[in-house]
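As a starting point, one isolated chain is supplied in structure tokens, in the form predicted alone.
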Amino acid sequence: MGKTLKVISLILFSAFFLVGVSDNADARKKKIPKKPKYVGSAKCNGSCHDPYYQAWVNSPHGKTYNILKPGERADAKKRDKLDPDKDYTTDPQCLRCHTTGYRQSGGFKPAGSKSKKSGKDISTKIDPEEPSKEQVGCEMCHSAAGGGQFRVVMKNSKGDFKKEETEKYGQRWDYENVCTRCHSHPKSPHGKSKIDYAKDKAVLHPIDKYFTEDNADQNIVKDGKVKDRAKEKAKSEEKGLRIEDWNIKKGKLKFAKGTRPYSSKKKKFYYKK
């Protein structure tokens, strides 16, 4: 009888121990936020995409906000009939394509932005040593409404996810189409830029020279996961998500009705017709 009780106790202890370990493992996984929002490129830095972040910082996209300052790229501004001595860092027409998530949840807020309720300054804090939302960051090309949700999916799965698992949270895979979000947009004051996607992509993502012994494990190309996902076909790849249009009214940018790729109210994504 005593032996039987010992065996039963051992079984119960093992069961409780395994449940406890399982619960702890689940607890380590972060909950996916209820709504998408922009979180900034700095969130991609560190333990997951450090070499990619460093490559971005030193790319043209990592310096877009700086161009809006007086005296920067004077010749280019003159060519496009813009005042080279003007400060464009609070101009809504410019901020749409020179920053990340402007006028959207969690997106960039220019200097002078204040909370409607408290009146407190809610301007985006700019750190010269770690650029984030104040430039054209990862989310402007990789997401439809900010990467706050699918970033958690990536972290929880340690990068081993299917395209559809992140696409349903707003990750877009129509990369060549997304360039038209700004570069050839009819509202761009620079006119239509000619895009050579393959060539321009190499300039924006020169990641090879940023890998070191410390971050070699972050090479998502060599680990085979990217290669496996390349065999999949996401819906956004096949159809392409809509490209936003906007208007400037009373000094504020407002997205034109029926042009946004995602509706937060309906929780629905919209594709090109």
Ligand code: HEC
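All figures in this text were calculated on a predicted structure; none of them were measured in a lab. Quick note: we count residues from 1 along the sequence shown, nothing fancier.
A second form of this protein, the form predicted in complex with this ligand, is not displayed here; the remarks below concern that form.
Taking this ligand as it sits in the predicted complex, is Gly146 near enough to touch it, meaning that at least one heavy atom pair lies within 4.5 angstroms? No, Gly146 stays farther than 4.5 Å from this ligand in the predicted complex.
Using heavy atoms and a 4.5 Å limit, would one call Tyr53 a contact residue for this ligand in the predicted complex? Because a heavy atom of Tyr53 falls inside 4.5 Å of this ligand in the predicted complex, the answer is yes.
Does any part of Lys155 reach within 4.5 Å of this ligand in the predicted complex? Heavy atoms only, please. Looking in the predicted complex, residue contacts with this ligand do not include Lys155, since no heavy atom lies within 4.5 Å.
May I ask you to check whether Thr64 falls inside a 4.5 Å heavy atom distance of this ligand in the predicted complex? Taking the distances in the predicted complex, the answer for Thr64 is yes, it comes within 4.5 Å of this ligand.
Please pick, from Ser113, Ser193, Ser105, Ser118, the one residue with any non-hydrogen atom lying within 4.5 angstroms of this ligand in the predicted complex. It is Ser193.
Which one, 233-241, 29-37, 55-63, 208-216, holds residues whose non-hydrogen atoms are within 4.5 Å of this ligand in the predicted complex? Checking each option against the 4.5 Å cut-off leaves 55-63.
Can you tell me which residues in 149-178 come within 4.5 angstroms of this ligand in the predicted complex, by heavy atoms? Contacts from 149-178: Trp173, Tyr175, Val178.
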